[in-house]
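Given as structure tokens, the chain that follows is alone and in the form predicted on its own.
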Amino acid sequence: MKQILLITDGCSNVGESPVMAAAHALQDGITVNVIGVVDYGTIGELGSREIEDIAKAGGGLSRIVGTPQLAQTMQMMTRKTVVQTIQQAVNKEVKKILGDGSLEDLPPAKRSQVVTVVDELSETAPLRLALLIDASASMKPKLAAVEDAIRDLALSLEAREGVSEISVFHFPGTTGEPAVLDMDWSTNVSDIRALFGRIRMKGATPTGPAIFKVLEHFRYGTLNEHQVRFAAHSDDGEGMPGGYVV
């Protein structure tokens, strides 16, 4: 199972539509969940609608939360999406057997067996989760909460029986790239600790192009030659990624 978890606090303003990018992810069998993070006030109607639309197009869930609820929300969404993915696969198999029937049409004993299988698979099926973090300037006060939440999520995934791998990206990049790979696929929670001191907050929010970059990583296992693990180079400008239109 494959998931993208996007953590943001506002609207995209550069490049392709993030809703279109999420739809491409779903076509590739990747679910996109979105968490909108607020401290005071709201993300705004436009931002809230975009968050909901991205998750809907990506077959996932969306929530808008304050930083105190972030860790719990990330864990809930990740696990709930795993269960939903398995349930969808089971329902397809049931339909092959029953035609137009559904799980509810099975005898109680058989239905109970299917539910048990879904529960077991939720804990044992392999999972790849790519975290995509909005590193625009407005997210800077929330970064510590994001860091703590990701560590808690990694610890909770370690408790699963199945293999759970996490990779971490932030956007925008520091050299004109829409996203940077901070940590490649790993099952080791300690790998996360060195991440956040290296992220440089910037102004633009190329959410759509960033999602497409993560899709490349799912497909090919690596980004282009300019991306390195724990990106070591940064610039201090606010610049907007080249080659994209607002």
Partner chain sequence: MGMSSNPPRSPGDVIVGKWRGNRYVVERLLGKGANGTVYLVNREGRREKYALKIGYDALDLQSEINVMTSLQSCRARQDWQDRAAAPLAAYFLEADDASEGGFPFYVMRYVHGMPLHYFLSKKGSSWLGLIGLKLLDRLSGLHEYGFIFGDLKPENVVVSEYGEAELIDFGGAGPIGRSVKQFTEWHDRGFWNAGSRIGDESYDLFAFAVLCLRLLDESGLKQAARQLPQTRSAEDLVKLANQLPDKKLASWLGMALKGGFSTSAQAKEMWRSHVYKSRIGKPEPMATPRWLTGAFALSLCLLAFTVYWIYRF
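Here the structure is a predicted model, which is why all the values come from computation and not from measurement. Numbering follows the first chain given and starts at 1.
Only in words, not in the display: the form predicted in complex with the partner chain, which the text now covers.
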Taking the partner chain as it sits in the model of the complex, is residue 160 near enough to touch it, meaning that at least one heavy atom pair lies within 4.5 angstroms?
yes
Are any of the heavy atoms in residue 155 no more than 4.5 Å from a heavy atom of the partner chain in the model of the complex?
yes
Consider residue 115 of the chain shown here, and say whether it contacts the partner chain in the model of the complex, taking contact as heavy atoms within 4.5 Å.
yes
With the cut-off set at 4.5 Å between non-hydrogen atoms, does residue 165 touch the partner chain in the model of the complex?
no
The partner chain is absent from this chain, but in the model of the complex, do 87, 108 and 119 each have a non-hydrogen atom within 4.5 Å of it?
yes
Tell me, which of 215, 61, 204, 183 has a heavy atom within 4.5 angstroms of the partner chain in the model of the complex?
61
